[in-house]
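Below, in structure tokens: the form predicted alone, a single chain.
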Amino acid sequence: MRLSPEQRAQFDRDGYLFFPSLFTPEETRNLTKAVPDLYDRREAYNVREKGSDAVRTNFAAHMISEPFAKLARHPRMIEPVEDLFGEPLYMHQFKINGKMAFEGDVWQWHQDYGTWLNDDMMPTERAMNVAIFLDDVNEYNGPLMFIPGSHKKGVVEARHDLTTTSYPLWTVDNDLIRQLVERAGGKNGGIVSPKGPAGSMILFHSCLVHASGSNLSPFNRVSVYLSLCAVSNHIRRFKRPEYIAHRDFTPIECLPDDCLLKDYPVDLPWKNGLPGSALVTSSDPIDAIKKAA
């Protein structure tokens, strides 16, 4: 799936693109059916909500589950980002965020690149998220909120919030959020929230400031996120475990467009358990590790 000149211009202006119902109900069901088994596993890659057994984030499903391994190579998710970067991509991060009914906690205001820069030493913001809704997303179940055009500010100041939720995040303070929202239009479009049926997709810039509220509704809001990075922009530090920030910089090769409906061979290296190597971390840059070896 390739982007039109109009879509490129819209992305440059707003920092995101929304594709309602891009995946069919059958394609989406094939993904959704695989989620309970992943969430049931007592592995480090399942981060649960603070004070709850509900899964907040599942990492690295593409290394474990066949449907998600195929999604990780789907042209509808990969090709638009290749268009924007003009080079091959690798999978920096793969997660299934489970904002579960009544239990899904907030995601504070943040830029994804803030975390990738501070924790992973990713050189530039040549990486972005592609999200697909596995549930219908409405105003009640904690939809994503974006500040349009906030990616134009580049990397903004952030602090490392280790206490608000069960997952540490580099967050943006309220005063700056007020300024960015006012700059984007205040009450008239300063915050937008794409909503739509399961199977819809959002592509958004790694510097786009975004957040989501808690889910107080009886409706789940599970979404898959592919964090795709230009190969030349690969991370330079392995401070976080491999199941969170991947270390294989091999370019992604797309499968055919019907891969979610038909059998195609995919590798599932962690299917039978998380290897010890996926838990090893280091605060040293990669170059220093290589020299020491």
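Quick note: we count residues from 1 along the sequence shown, nothing fancier. Small disclaimer: the values here were computed from a predicted structure and weren't measured.
Omitted from view is the form predicted together with ligand SIN, to which the following refers.
Residue 144 is the only one of 127, 144, 134, 78 with a heavy atom lying within 4.5 Å of ligand SIN in the predicted complex. Distance criterion of 4.5 Å from any heavy atom to ligand SIN in the predicted complex singles out 225 from the list 39, 225, 243, 238. This chain is displayed without ligand SIN, yet in the predicted complex the stretch 103-111 from 155-163, 103-111, 179-187, 192-200 comes within 4.5 Å of it by heavy atoms. Ligand SIN in the predicted complex comes within 4.5 Å of no heavy atom belonging to residue 74. Although the partner is absent here, residue 97 is a contact residue: one of its heavy atoms lies within 4.5 angstroms of ligand SIN in the predicted complex. Although the partner is absent here, residue 215 sits far enough away that none of its heavy atoms falls within 4.5 Å of ligand SIN in the predicted complex. Contact between residue 151 and ligand SIN in the predicted complex is not found at the 4.5 Å heavy atom cutoff.
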